[in-house]
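The chain below stands alone and is given as structure tokens, in the form predicted alone.
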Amino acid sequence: MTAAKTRATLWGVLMIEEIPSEPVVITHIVRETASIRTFEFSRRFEAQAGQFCMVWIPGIDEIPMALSAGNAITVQKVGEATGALFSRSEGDVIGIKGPLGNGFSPEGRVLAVAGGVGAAPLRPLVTYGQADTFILGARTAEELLYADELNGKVDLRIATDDGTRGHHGFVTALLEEADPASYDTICVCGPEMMMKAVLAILDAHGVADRGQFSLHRYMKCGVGICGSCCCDPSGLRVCRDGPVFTGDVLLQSSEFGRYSRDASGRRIPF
């Protein structure tokens, strides 16, 4: 049996031995919104903005999460695993395997475009001083992520669907106003239909190749072995070849903006 297939048990959950999950202690929990929390932990990882980690919730599951800081993940409560994570307290232990995948590669003048919890992997761009403009969107003002933290550190532009803060509408309107062709790098993360609309605008301006999009797909291993996160028709693996892909790659008849897959491999339309 090869090392890639050798497995061991950690806290009642299978793990891949050659990239072990490291136990860390939750040191601080920040309630960002009603459904989103940031979990800070005892070790800081050297990671690029946009890289992710596999998070072990002892006895429950392992799930991919973007690193919102070298020592933090920002999590939206959406299912069993994230619900279990929300039940954890400061002082509890979880496992972190990473950083994994590729991150954003900001060059020149940088624009970040975020929707909802998609702001998490983009947050380090501001922390590292790599973003010039940050367009932040959410359904309502109460769901805006990091708005107060980002204000004053970057040229922050806000859009809410209901108009309770900033522009009344979608981030795409602010993107058009920002003149995307005037930026060298456009880093994007959020709901896939939002990102598809952003890519359409970049393509119309002739700068799709400047866009860098962080994709979310179902993952089992997170290290390129299982193939559960492969994208049609190229077979690119989100965990190893991504999660960040340039816009010109996504325009090449990919599944982007059309469907993803669940744990069984069944297509789930957006």
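What you are looking at is a predicted structure, and each value in this text was computed from that prediction instead of being measured. Start at 1 and count along the sequence shown; that's the residue number.
Keep in mind that the form predicted together with a small molecule is missing from the display, and what follows is about it.
At a distance of at most 4.5 angstroms from the small molecule in the predicted complex, all three residues 74, 82 and 217 contribute at least one non-hydrogen atom. Checked against the small molecule in the predicted complex, the candidates 47, 65, 29, 201 yield a single residue with a heavy atom inside 4.5 Å, and that residue is 65.
Checked against the small molecule in the predicted complex, the residues 150, 159, 125, 117 give one hit for a heavy atom within 4.5 Å, which is 117. At a distance threshold of 4.5 angstroms between non-hydrogen atoms, residue 211 is out of contact with the small molecule in the predicted complex.
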